[in-house]
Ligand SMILES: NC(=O)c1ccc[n+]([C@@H]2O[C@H](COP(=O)([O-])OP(=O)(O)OC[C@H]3O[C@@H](n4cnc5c(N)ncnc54)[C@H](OP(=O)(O)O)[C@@H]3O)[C@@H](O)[C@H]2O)c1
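Next up: a single chain in structure tokens, the form predicted on its own.
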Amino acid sequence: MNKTLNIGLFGYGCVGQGFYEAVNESPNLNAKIKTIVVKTKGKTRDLPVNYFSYKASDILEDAEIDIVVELIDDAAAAYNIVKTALNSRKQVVSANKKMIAHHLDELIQISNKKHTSFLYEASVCASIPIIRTLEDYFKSDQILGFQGICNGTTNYILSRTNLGLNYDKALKEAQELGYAESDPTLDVDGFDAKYKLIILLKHAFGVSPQPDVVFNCGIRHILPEHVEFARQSNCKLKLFSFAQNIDDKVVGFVAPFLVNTQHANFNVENEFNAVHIDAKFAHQQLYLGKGAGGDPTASAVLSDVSALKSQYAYSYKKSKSLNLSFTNNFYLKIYLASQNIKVLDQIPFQKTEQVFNSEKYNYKIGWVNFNTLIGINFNNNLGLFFAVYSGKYRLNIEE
């Protein structure tokens, strides 16, 4: 595309403003934002009111709009925008990870049918080009697994708890710095990290599990005792978006992990994101960067828009070449802790390696079937916490 691209922008929040500035400061892009559609009238913004429209049709029905950029929070509204735009044969860029995780296969099908492109690099880890890396660099290499720190809020909180703050104080500090929302549920309970995991699973392994099938446990109930246990084990607690290929099966979930000093993610702190990839030929690689904020996210959106000028589209080669299936039926080694010793018995262990009991702190270490974990809502269970030992997963306990 050599002509000037006309962009229709939905949303003018933190990322939308960052994207607007990035386009205006990138003359080589040869693109302009023709229309900006926002939801709320009368809101104070840094552009004159005549720059904004309030009807989706002003973009979706404008034949001069080449690319629709969707940067809104409402997943349901984002779905309708993206679906309509693709059906209208417009190129689409989105950053809405929840919407994409729920509807990706459908949107891919529409995109293929209408011969248009749907890109969403900004939906996972913002400025880290992880989706394009999986799509292009690892197109012919076999991904063995990945461990992603995909949520900056929880990584910041865990960094602070590792320095001695309790969870409540670390969360409050994150909120004051703008890293956490007033209602932090999506972040601290692992939902945000799960949506990103589902997107990465598609590009790494070609599997498309629905969100209700993928388990997520966050960090809401972390205690100083858990942090101290990790420290005594020469580990740190990190919330991972985790996936691994075991034979012809793919396992994937979000949970706290005990990460040892040798792991590349051990020293990834504060609001930074990182994805550690294990591949058959490239071996281990670490991708690190800021995973949130206006400028980092806008940079990923800008990159997608630039890619569309060259008619770039995801190939989804792993979906076509691999015959893998997603499963929750596997075994892993965990640390399970509770202040009430009887609560530990809620989860049957296939093998128990260590038990510690005291008046206010108890834990058990051993092997469990993952299906027994996903039946418990750890995010709502104040008296129970678990963390996963890295590198130990089996389809059969006898292995």
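What you see is a predicted model, and the numbers here were worked out from it, not measured in a lab. Don't overthink the numbering: it's just position in the shown sequence, from 1.
A second form of this protein, the form predicted together with this ligand, is not displayed here; the remarks below concern that form.
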{"item": "Per-stretch contact check against this ligand in the model of the complex, the hit in 293 to 301, 218 to 226, 275 to 283, 254 to 262 (non-hydrogen atom, 4.5 angstroms)", "value": "293 to 301"}
{"item": "Contact label in the model of the complex: Lys194 to this ligand, heavy atom within 4.5 Å", "value": "no"}
{"item": "Contact test in the model of the complex: Arg45 vs this ligand, heavy atoms, 4.5 Å", "value": "yes"}
{"item": "Proximity of Val388 to this ligand in the model of the complex, heavy atoms at 4.5 Å", "value": "no"}
{"item": "Close approach of Ala77 to this ligand in the model of the complex, 4.5 Å, heavy atom", "value": "yes"}
{"item": "4.5 Å heavy atom contact with this ligand in the model of the complex for all of Ile143, Gly145 and Gly206", "value": "no"}
{"item": "Residue among Thr153, Thr161, Asn96, Gln91 with a heavy atom within 4.5 Å of this ligand in the model of the complex", "value": "Asn96"}
{"item": "Partner-contacting position among Asn50, Thr40, Gln354, Asn28 - heavy atom within 4.5 Å of this ligand in the model of the complex", "value": "Thr40"}
{"item": "This ligand in the model of the complex - contacting residues of 111 to 126, heavy atom within 4.5 Å", "value": "Ala122"}
